[in-house]
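You are given structure tokens for the same protein chain in two forms, set apart as structure 1 and structure 2.
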Structure 1
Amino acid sequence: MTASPWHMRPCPTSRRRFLQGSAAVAGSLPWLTRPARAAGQVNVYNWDTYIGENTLAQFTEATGIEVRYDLYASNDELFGKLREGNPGYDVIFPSSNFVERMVAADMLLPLDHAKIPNIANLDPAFTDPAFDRGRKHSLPYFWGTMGIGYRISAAGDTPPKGWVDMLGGDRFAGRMAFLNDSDVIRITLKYLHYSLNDKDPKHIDEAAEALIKAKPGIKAFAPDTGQDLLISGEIDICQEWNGDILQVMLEDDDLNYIVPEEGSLLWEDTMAIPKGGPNLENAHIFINFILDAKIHGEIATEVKYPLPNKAALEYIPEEDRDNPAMYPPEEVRARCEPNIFDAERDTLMEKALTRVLAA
């Protein structure tokens, strides 16, 4: 992937956009309260495409700490690599349901909040989530929704309103894409008016059958690249993450994003410290740096995901703050649910997905 100015982005290639320019030399950072110059390195393992253009260079310039920055494409990849033994990472970015899973597997260290004073910048709504009470093991990075991206001209006078437009008929037959992970089972449960955390095997089977029925009209089960298929014109509608669609909407004003009327997935990605990392002090410094209001605001301006950092909101464009696709109103959020970790249910969903893909 290539670096680009903030307002001249390449087509994103996944849910989160990485800019190699983050390794560029940053200017001075007068807004930061500089810690004492630290030695050594911090080893960061983050989602593919999920950082600002200059963030890592700014961190090194501000702290003296070099950054080794590796990428992964899914929570499963992250979990699998660290489950075999931490190869040396200091900071990771698991989604909320995987925080629960990693705590249960004794893979995360408790955070020392005294070393992360920028916790004070957080919106109170994000300070005591059910998946990590008191934020003992994680701090929020970004949050958002899963929904529908679509081409306005293809929808005509009747824009889509929900999952029913993709799963309940042949309106977009041959021009649809879904994610090829178990979240497609979850959103189909919402289409069927069940909870996306439903663990009834009959309901999960019903969701699989609904997808198999719709499969002749589905062009692709895509590995988190529905936005690329959409902007290239290969499809007209897709299941995707809000930030991915918001990014391509900046490149093509014929695209739009909605949260389906049946409801959807409400997600949160976090920052955590895995057991076995060699640079514990620097890990805390890095997390505190990200939660600096201006730094976090700059990252959000680039990646187009909603902030859990209340103090950072003043550093993002007004059109982003006022965009309901990015910051949905409370009545829309009320229709959505977080994905709650449940090993037995998640196994059933993975088996259902395998059956759908093989059908």
Structure 2
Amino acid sequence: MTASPWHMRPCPTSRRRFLQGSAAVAGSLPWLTRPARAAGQVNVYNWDTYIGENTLAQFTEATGIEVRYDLYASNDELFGKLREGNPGYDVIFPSSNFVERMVAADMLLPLDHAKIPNIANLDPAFTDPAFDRGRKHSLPYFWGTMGIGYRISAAGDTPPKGWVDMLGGDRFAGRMAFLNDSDVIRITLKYLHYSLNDKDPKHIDEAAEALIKAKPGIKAFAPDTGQDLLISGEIDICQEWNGDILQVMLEDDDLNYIVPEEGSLLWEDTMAIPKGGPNLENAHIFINFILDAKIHGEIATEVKYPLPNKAALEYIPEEDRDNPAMYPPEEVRARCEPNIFDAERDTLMEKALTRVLAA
């Protein structure tokens, strides 16, 4: 089915869409257009608040291609939207484990690397990940870690170093929050010094037991709202994504973020081209544009996520580049792993999570 891009849902920034729409109309009137090198448009489906304020305008300026831009809030939403057929998107931003899921479901097109010369800008650590060997279907956009956010004054003289400070004692009893998805099982596997992709049911059980043991000291399993609990003083320490904690650290000096010494979950959001999109050529042009060192650096400066783009690092502020909460030291990063998709293991972990929450 080749659905038209008009099937896209109305997006919250309807005013901006209206302006884009009128620009598209203007574009069809030849005497009003700028000299354009390429024609048409590209339909981009991205996470909310995840691009530079001027990036799309710069893209249109440089290429003459109009961008229709639509937003989602979770991988589940993205997957659900494309599950029954692509409603007309050309570029999407799935996280690494969803790249695998979508490849397994035959939802992504292979990328034509010859049309994306800016791949040369990437940090070699990101050019051959386990979830997408040879980068056949996805290119990295931003990455980050899952770690520990905590209140500095509550930790006293010995700041927490790793998961052991949350799971291995009652130091923060009653003042801790974890996430209420199966990642909590994964980080507990790291705490037990297993791989977070371990699929041995015994080890997963062991992780569930460790969590059940720690449960009396846990205040909440929060749906990705750990940063709110932290800043409102409800808790002193939580398992959260780096970006969420870095954002509240801007509001409250007494908060800090660490990547646990046992290692943790490494996430990566990527750019990919879903099957059935109407503008394949422009999708490649768009991805190549984003990977441009200056453009990617400018986006990172605004959204504050770590770059997989080595050439772009010189375009971000020095304090970001030297911030260990954003770019952890190499030996810590080496202990972090991405989450590899495996339906059977995911089912085991989901069940372990249900057991922990029911205990």
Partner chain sequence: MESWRQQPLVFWIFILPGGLWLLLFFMAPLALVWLFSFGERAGVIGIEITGTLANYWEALEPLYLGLFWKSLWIAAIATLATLIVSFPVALAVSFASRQMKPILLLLVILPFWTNLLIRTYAMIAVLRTNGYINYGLEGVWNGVSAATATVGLGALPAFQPLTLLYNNTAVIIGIVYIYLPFMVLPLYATLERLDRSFLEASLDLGAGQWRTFFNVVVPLAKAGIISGIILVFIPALGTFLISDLLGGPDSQLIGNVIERQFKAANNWPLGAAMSFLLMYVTFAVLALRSMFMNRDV
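The structure presented is a predicted model; accordingly, all values stated were derived computationally and were not measured. The term rigid core refers to the maximal set of C-alpha atoms that superpose within 1.5 Å between the two forms. Along the sequence of structure 1, residues get numbers from 1 upward.
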Chain form predicted together with the partner chain: structure number out of two
2
Rounded to the nearest whole degree, what rotation separates the positions of the smaller rigid part between structures 1 and 2?
18
Please give the CA displacement of residue 174 between structures 1 and 2, in Å, after core superposition.
5.0
Rigid core superposed, residue 353 Cα shift between structures 1 and 2 in Å?
3.6
